[in-house]
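Next up is one chain by itself, shown in structure tokens, the form predicted on its own.
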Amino acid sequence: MVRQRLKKLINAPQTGLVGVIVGLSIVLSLFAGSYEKGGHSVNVFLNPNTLFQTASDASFFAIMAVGITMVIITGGIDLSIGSIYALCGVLTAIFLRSQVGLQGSDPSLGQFLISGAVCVGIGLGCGLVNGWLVARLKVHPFIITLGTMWVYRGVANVISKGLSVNLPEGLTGIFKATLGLEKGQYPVPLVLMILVTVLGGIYLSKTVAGRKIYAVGGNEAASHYSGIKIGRVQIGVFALSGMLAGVAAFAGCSYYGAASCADAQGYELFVIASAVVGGASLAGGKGTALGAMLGAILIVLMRQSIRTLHFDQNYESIIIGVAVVVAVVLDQASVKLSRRWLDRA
């Protein structure tokens, strides 16, 4: 029994990803250098403050990557996720300021919960629009979400008039709570990332709706003839993707204390890269929530390594792009190898 579990763990697709993350962390720890603090030598990378900051940076990507992984599993793509993030943040910031401005104080628990619900609801609405257009018009999601990407960000720009909207400090204090840790260590985004990953993993692997997502991505024609409503599944995954973009937006704008129409510009590429590096197949039928989270952590570690090791930051996009291409090549090689094994069997 123990041997079987160990073999299953070793053969799991996430095991290799964890190995790469650990290896890159070791390299960063060895070559990052150190500084003196309180008479002690502190590693530039391997210290609690840097690790928590890295986790916080990864959390916003990871939360959205879980949602977009579900879209990718069905064989779709969502290019509007960064724009949904910006629109959710701007509208929520304006809503919250209007409420708090009337009372002239930091938001109460009720206002905090309502503003969070508003942000998530806006993301859910945007996702439903994407899903409905894809299912109704029978147009490839790339085209639909390319259009809505511009629409959502344009709406955010018009509403905010291109200006940054500050949030009350009380809201920032919630997401920057130390929870008993030292100053500068903020675990709330990390906890939220783990929670979303666990819930996403349970939804994909333990529910009927999750199995339908894999079925549609694995073979859409067979799914149709087996009675699965393809349109409903497509609307559902885009709705979840938009909703999680709203969750990430609420966490992000609360953490940084402001929202603007320029927020999350280019995030869609990092989020898609996180999902693909995490094992999601662009051909559909393959992907996990845990892989999405690990992929986001790896992408952020790559960015962190460039800054920590004092490389030219212009190489950042090159390195991440190469990582995505390598992940796609490995995925295709794995598919071909599996087909050969099936043919031989």
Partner chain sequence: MSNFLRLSNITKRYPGVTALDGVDLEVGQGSVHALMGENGAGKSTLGKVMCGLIQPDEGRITFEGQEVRFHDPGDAVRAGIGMVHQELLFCENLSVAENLCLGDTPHKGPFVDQAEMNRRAQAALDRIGAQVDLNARLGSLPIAVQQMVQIAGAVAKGAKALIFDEPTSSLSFTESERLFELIDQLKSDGVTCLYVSHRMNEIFRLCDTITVLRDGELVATKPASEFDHDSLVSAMIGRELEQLDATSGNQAGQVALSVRDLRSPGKFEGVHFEVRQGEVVGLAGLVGAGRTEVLEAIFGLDSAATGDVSIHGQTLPLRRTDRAISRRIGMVPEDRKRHGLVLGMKIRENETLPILTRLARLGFVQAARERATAQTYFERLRIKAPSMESSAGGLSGGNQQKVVLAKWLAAECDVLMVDEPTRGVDVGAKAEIHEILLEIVAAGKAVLIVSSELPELLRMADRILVFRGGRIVGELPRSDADEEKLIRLMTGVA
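Positions refer to the first chain, counted from 1. Fair warning: this is a prediction, and the values are worked out from it, not measured in the lab.
Beyond the structure shown, there is the form predicted together with the partner chain, which is absent from this document and is the topic of what follows.
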Heavy atom within 4.5 Å of the partner chain in the predicted bound form: which of Ile94, Val155, Ile228, Leu269? Ile228
Tell me, out of Gly218, Gly147, Gly121, Gly184, which residue has a non-hydrogen atom within 4.5 angstroms of the partner chain in the predicted bound form. Gly218
Although the partner isn't part of this model, could you tell me whether His140 comes within 4.5 Å of the partner chain in the predicted bound form, counting any heavy atom of the residue? no
4.5 Å heavy atom contact, Tyr214 and the partner chain in the predicted bound form: yes
Against the partner chain in the predicted bound form, would Lys161 count as a contact residue? Criterion: heavy atoms within 4.5 Å. no
Is there a heavy atom of Ala177 no more than 4.5 Å from a heavy atom of the partner chain in the predicted bound form? no
Contact stretch among 112-120, 204-212, 127-135, 233-241 - heavy atom within 4.5 Å of the partner chain in the predicted bound form: 204-212
